[in-house]
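Take a look at this single chain, the form predicted on its own, given in structure tokens.
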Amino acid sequence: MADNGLLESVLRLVEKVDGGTDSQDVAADLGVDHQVIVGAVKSLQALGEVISAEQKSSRHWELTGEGREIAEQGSHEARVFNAIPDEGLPQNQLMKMPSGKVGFSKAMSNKWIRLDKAHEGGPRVFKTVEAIEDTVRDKLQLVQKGQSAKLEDKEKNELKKRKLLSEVTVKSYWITKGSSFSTTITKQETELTPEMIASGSWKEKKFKPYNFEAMGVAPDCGHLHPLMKVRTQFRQIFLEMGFTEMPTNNFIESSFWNFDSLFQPQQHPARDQHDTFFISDPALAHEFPQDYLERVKKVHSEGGYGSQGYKYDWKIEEAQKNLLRTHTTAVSARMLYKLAQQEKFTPVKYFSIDRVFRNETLDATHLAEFHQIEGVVADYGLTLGNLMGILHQFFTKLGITKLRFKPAYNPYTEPSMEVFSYHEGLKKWVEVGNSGVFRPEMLLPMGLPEGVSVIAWGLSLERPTMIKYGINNIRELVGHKVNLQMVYDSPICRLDS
């Protein structure tokens, strides 16, 4: 709050004028910055009906930094003219002056000087008039004195074009006396104390009015990251569709569950170090269901269940290698194996949303870790039509209704489909997920009945989050470059279902 001396000085000025005064005039009379007077006005408003202040806007002209220099020292063209002696000046010397280039051009336009290119000592500049009138400086000095109204609009715009003048908008207050006007400041009480009530002194005191429009203090609390907000929405969709969430709390997997159980050959490029993060300690896993491991080995190396396999020498050493899981399908494989061990098969619908890791080249759309959303349905007689139907239902709940399916290849699904949606903003079809029917070579070694089919699909969590929140670079969403203010400000996620 402004000090009482300044406030009372403002009130005395307001008292002297009838009909009110402008805060800019008050600032000029008191010799203080206008913003100080604006603060004083707000302090007086807080005291009640002492004054009435109405905000208004006005436009006026101000000198730029270069304009102030010219008002003091003269225009560039005048300085060039005054620097030229009667015998002339070599052009190259003139151009070395601080105002040389601009001043030479303007002085030539005004026909104050001429250039003799044929001079024996090289191009030389001579005066063409005896004396000049520096009208640019005179006009700027008028503006500096607050007399810009004496200039025509054409003259002002010409000076503005030369970046010597700028038109600025100033917000000020028109101050008039209020219903409780006084030139002395009386402190307003903010609390009614027991002592005031007991003594009756409250009757003579002025109390500050309550501001029922004021916002409360924002409570200090944590804020959900945009990824977690979108994850909650996806999770709710799966739960509405009757799915059960799979336990995905093991980031480290063996190559057996991550690759071999999915009928992915040990020579597959995805199993190379440039695509996968392998663990050095502990480097190997040792606990596997031995009978299931033998069946997986046989279907890879010899074939079976109607398949000829890959016909290679399957090695337990490769299957034992620990790694950071490259997909949550490794969790799906564990859950399906667990399902196969039941005495009687029961249809299931599983889902998971969790982190996976790949040795990717980092750029605006790829990170070495991201979140995978996966849905799995196991039942008798499921077909590609069932998969398309459940995908339509799933994506409709996301607000995506225009879908197309394109044949694709995955090592552990056949048939496989990429899912495309029409993007209204981009006006084109974009890939939104991958899907397929798990192969018999993957399911039958687990012990699932022959008539059981498993359909599955997956997509990333980061891409829909980036689209929803208008983020173009994934590194602004995940990682050490995330702006925490973005997390604080991001709105609640509501998918357009």
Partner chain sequence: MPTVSVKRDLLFEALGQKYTDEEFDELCFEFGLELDEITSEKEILIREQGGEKAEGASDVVLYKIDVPANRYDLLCLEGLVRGLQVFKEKLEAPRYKRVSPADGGEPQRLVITEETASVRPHAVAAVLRNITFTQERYESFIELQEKLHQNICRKRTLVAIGTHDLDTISGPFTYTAKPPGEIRFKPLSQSREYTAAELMSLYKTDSHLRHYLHIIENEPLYPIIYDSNGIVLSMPPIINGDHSKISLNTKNIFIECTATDLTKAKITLDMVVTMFSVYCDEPFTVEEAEVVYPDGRLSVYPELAYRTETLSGDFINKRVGINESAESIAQLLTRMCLRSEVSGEGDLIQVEIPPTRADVIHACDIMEDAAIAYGFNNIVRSTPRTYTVANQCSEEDIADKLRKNITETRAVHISNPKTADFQVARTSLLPGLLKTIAANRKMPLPLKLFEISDVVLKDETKDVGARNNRRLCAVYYNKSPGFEVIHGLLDRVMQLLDVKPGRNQGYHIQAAEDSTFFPGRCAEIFSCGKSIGHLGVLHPDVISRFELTMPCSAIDIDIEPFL
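Residue numbers count along the first chain shown, from 1. Everything numeric in this text was worked out from a predicted model, so none of it was measured.
One more form of this protein should be noted, the form predicted together with its partner chain, which is absent from this view; the next part is about it.
- With the partner omitted here, the stretch from 302-310, 137-145, 204-212, 167-175 that lies within 4.5 Å of its partner chain by heavy atoms in the predicted complex is 302-310.
- Residue His286 is the only one of Lys154, Lys117, Lys161, His286 with a heavy atom lying within 4.5 Å of its partner chain in the predicted complex.
- Residue in contact with its partner chain in the predicted complex (any heavy atom within 4.5 Å), chosen from Gly389, Pro85, Gly121, Gly399: Gly389.
- Contact check for Pro98: no non-hydrogen atom falls within 4.5 Å of its partner chain in the predicted complex.
- Residue contact with its partner chain in the predicted complex: Asn483 places a heavy atom within 4.5 Å of it.
- Under a 4.5 angstroms non-hydrogen atom cutoff, its partner chain in the predicted complex has Glu360 among its neighbouring residues.
- Although the partner is absent here, Phe126 lies well away from its partner chain in the predicted complex, with no heavy atom inside 4.5 Å.
- Using a 4.5 Å cut-off on any heavy atom, the residues of 238-263 that reach its partner chain in the predicted complex are, in sequence order, Leu239, Gly242, Phe243, Thr244, Glu245, Met246, Pro247, Thr248, Asn249, Asn250, Phe251, Ile252, Glu253, Ser254, Trp257, Phe263.
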